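Okay, here we've got a single chain as C-alpha cells, the form predicted on its own, with questions on binding and movement later.
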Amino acid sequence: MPSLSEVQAAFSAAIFDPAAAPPRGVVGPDRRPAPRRFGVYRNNVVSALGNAIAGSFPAVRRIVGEDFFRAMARAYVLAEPPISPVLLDYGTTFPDFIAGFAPAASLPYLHDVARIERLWRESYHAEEAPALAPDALASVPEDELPRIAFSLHPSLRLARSRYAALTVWRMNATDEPVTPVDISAAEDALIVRPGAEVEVRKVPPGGAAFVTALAAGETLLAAAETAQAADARFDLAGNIAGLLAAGALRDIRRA
C-alpha cells in the first residue's frame, strides 16, 4: 500500500500532466473512479494558477495580448508548478521561462519586462526600513568618504536589460497609448520602495555596476572604480545623489 507522501506526489504529478490518468484511489462519492471530476479539478487548479500569473504580469499581458498570454501562462504552470504554499512566491521563474519560450522569440525584450514586473512585486512586499537622509553625507569628514560603505534599502532591486525594457514596461503598465520606441537602447532599472509607493527609475551610465558593488560591501571608492571601469561615463556625484533621492540607501558604515 503506498504511503501518504507517495499518494500526494502521484496526485500532484497527475494534476500538472494533462495526459495522466487520475491516481489510484481517487474516486467519486460512489467510490468509483471519477476521471471527469478529476479533470474538472485539474482545470480549476491550472486556471487559478494562470490567473495568479496574469495578475502579476499585466504589462507582459498587454504586450502579447490575452490569448497569447493565457497560452504562455498555462505552459508555464504545467512546466513549473508551485514549490511554495505561498501564492505570492509563484512566478519568480516566469521571466526565465519567457526567455526560453519559443513562440515569444520575436520579442527578445519580453522576459526583461517580466523581470521588472516581478522585481516590482518583490520590492512592494519587501521589509520596511527607513531610508538614509539625503543630507547624511554632510556629517562624514571628507577624508573618510572614500572608505565608507553603504547598506542598501531592503526593497531595492536592480533589473538590467540589453533592450529598452524599462521604457516598454512604463508604456504598458498603464492604459496609456503605446508609442514607437528604440528597442535596441539598453536600459537598467532601479526599483525601490522607501515609503508607501514603489519607485522605478532609469539607472544612469555605470550605475548598475556601482549599485552591485555597493551591495557586495565595497567601499565608496572601490565601488566607484568598479563603475568607472564598467562605463567611462560614470558620474559618482550624480549616482550618489540619485540613490539618496530614491531612498535606495539605508545607512552608512565605516569600513
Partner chain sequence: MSQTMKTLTMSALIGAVGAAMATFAVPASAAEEAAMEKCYGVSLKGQNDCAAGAHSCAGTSTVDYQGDSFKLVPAGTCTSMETPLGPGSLTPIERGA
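No experiment lies behind these values; they were computed from the predicted model shown. Numbering follows the first chain given and starts at 1.
Unshown form predicted together with its partner chain; subsequent notes refer to it.
Heavy atoms of every residue among 220, 237 and 241 are located within 4.5 Å of its partner chain in the predicted bound form. Exactly one listed residue, out of 126, 131, 119, 171, brings a non-hydrogen atom to within 4.5 Å of its partner chain in the predicted bound form: 171. Just one of 26, 209, 198, 53 comes within 4.5 Å of its partner chain in the predicted bound form, counting any heavy atom, and that one is 198. Interface membership of residue 149, defined by any non-hydrogen atom within 4.5 Å of its partner chain in the predicted bound form, is ruled out. For the chain shown alone, residue 90 is not a contact residue for its partner chain in the predicted bound form, no non-hydrogen atom being within 4.5 angstroms. In the predicted bound form, its partner chain sits within 4.5 Å of a heavy atom of residue 67. Within 4.5 Å of some heavy atom of its partner chain in the predicted bound form lies at least one heavy atom of residue 245. With contact defined as any non-hydrogen atom lying within 4.5 angstroms of its partner chain in the predicted bound form, the contacting residues in 119-146 are 120, 121, 124, 134, 135, 137, 138, 142, 143, 145, 146, given in sequence order.
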